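For reference, the chain that follows is the form predicted on its own, supplied as structure tokens.
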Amino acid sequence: MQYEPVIGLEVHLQLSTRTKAFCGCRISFGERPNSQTCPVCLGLPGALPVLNEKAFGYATKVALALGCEIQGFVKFDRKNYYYPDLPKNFQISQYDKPLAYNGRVSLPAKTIRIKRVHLEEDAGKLLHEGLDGASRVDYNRAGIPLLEIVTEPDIASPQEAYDYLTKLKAILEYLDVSLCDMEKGSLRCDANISTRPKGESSLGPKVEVKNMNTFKGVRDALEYEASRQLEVVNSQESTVQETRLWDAQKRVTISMRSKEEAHDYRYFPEPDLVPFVADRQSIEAVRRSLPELPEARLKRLRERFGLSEYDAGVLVSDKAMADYFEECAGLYDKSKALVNWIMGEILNRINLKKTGIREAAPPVKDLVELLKMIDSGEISQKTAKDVLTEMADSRQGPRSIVKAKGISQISGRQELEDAVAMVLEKNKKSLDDYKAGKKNAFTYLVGQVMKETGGRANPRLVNEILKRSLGR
């Protein structure tokens, strides 16, 4: 019998508000432990929560961008469980009346349905390092507003999960509601995966996988877990419903605890936050404020600049990269050449330095000037690549670098004719080989001219002069 994985994802997004979800404590990453707390987020007796209006607005913005139905009646609930990083012994979340239902994220081959989008507060953080076997708790993160985005079990492979997360992150970045930085915990993902016979619609026992710190980590963990579950069912055993942790070093999932059901959390309505009816006029105002989203931008870039779907897709997947391209395109009309440089040399630098395009690339005006210098024949493509690296590192303009290094391209016809004549004089054998019909001799002679000129000769002119000198 053939089996298939069935995957659903839960993304927890930290919203970029200045203060926490239900109190006025400032949100600031990397502060001294427990310095960003108050009686409300610590759950002290008599301290009452008040919903952060900005957080609700951001949550609404995301829900609308995902095509969700915003609920008219919204309430908060207490999710009860005991863990040291949860100061109140419950988490303010949403259970049966979340903010929104029924959204979608479209991939090239299918649409992933969004089951629900709801607001909740984050827990604290356990500290273990350097404490001689002890653990301490930092409550600075407790109470930070989180938006949970839950898919239906529509994802059929680890790669599809990766593609969904990539698309979702792009949408969130365009909305400017979160840093979407997994390393700082502002975007986290848990995965639910089960295995069933192909063709069936029922779901098998569900395993939740946690502790995945990158999208690649999510894909790797799901690949391992899918393989592990397949081994279990092929051995005629039953998959255990549990929560497992991904160990990125060992590249395995490890059993953590049995999987909880909703009733285990004893949800009940949050008595200190009254239910409310969402103002339809306010929701429509948020809808009108939505920016151009990735799908619409991809279509516009293709139509306006004649880009291929692949090129436009790569640009649009990173908002900062698409912004950089459009700023350059406003000053330089050769779109394909511009895309080639951004997706080639600049993207390589981004991946190498693990940073954004504004840090890895030179300023827009300098890149455009560099491309125009190539077009005019002042420098060669090869030289330009070296200049680009120094431009990005030193933030100097291309002309000052070229002048300081004396690496401008030689395009003077007389100078190149002299260089060709000298090479032909020195390479009688290659000249004879060429006359005997050996085509690669021509390539060799071009290379010798480039060597003679220190790589600065204009290749187009070298070819033209050499062909004429050889009687072609």
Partner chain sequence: MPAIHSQTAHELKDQMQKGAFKPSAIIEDLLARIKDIDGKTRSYTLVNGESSRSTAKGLDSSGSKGALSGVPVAIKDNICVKGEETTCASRILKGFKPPYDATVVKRLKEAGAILLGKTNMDEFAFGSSCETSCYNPTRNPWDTRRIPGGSSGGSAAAVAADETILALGSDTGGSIRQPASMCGVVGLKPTYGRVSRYGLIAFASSLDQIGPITKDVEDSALLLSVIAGHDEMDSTSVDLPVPDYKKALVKHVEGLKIGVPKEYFVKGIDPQVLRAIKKAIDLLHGLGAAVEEISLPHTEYALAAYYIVAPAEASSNLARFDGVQYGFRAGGAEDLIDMYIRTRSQGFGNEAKRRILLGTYVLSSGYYEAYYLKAQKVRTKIKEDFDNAFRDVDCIITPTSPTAAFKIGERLEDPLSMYLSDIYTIPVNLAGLPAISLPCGFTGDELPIGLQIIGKPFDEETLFRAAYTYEQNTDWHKKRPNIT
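If you're wondering where the values come from, they're calculated on a predicted model, not measured in any experiment. Numbering follows the first chain given and starts at 1.
Keep in mind that the form predicted together with its partner chain is missing from the display, and what follows is about it.
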Original post:
With the cut-off set at 4.5 Å between non-hydrogen atoms, does residue 431 touch its partner chain in the model of the complex?
Top reply: no
Original post:
Taking heavy atoms and a 4.5 Å cut-off, does residue 404 contact its partner chain in the model of the complex?
Top reply: no
Original post:
So in the model of the complex, does residue 49 come within 4.5 Å of its partner chain, heavy atom to heavy atom?
Top reply: yes
**OP:** Verify the contact flag for residue 174: yes if a non-hydrogen atom of it lies within 4.5 Å of a non-hydrogen atom of its partner chain in the model of the complex, no if not.
**Re:** no
**OP:** Would you mind picking out the stretch of 238-246, 196-204, 89-97, 288-296 that comes within 4.5 angstroms of its partner chain in the model of the complex, counting non-hydrogen atoms?
**Re:** 89-97
Subject >> Contact assignment for its partner chain in the model of the complex, among 40, 416, 441, 68, heavy atom within 4.5 Å >> reply: 40
Original post:
Out of 80, 258, 317, 340, which one falls within 4.5 Å of its partner chain in the model of the complex, going by heavy atoms?
Top reply: 80
**OP:** Give a yes or no on whether each residue among 185, 217 and 356 has a heavy atom within 4.5 Å of its partner chain in the model of the complex.
**Re:** no
Original post:
Hey, which residues along 256-282 are within 4.5 angstroms of its partner chain in the model of the complex, non-hydrogen atoms only?
Top reply: 264, 266, 267, 268, 269, 271, 272, 273, 274
**OP:** Tell me whether residue 66 and residue 262 end up closer or farther apart in the model of the complex, going by their C-alpha atoms; the shift is 3 Å or more.
**Re:** farther
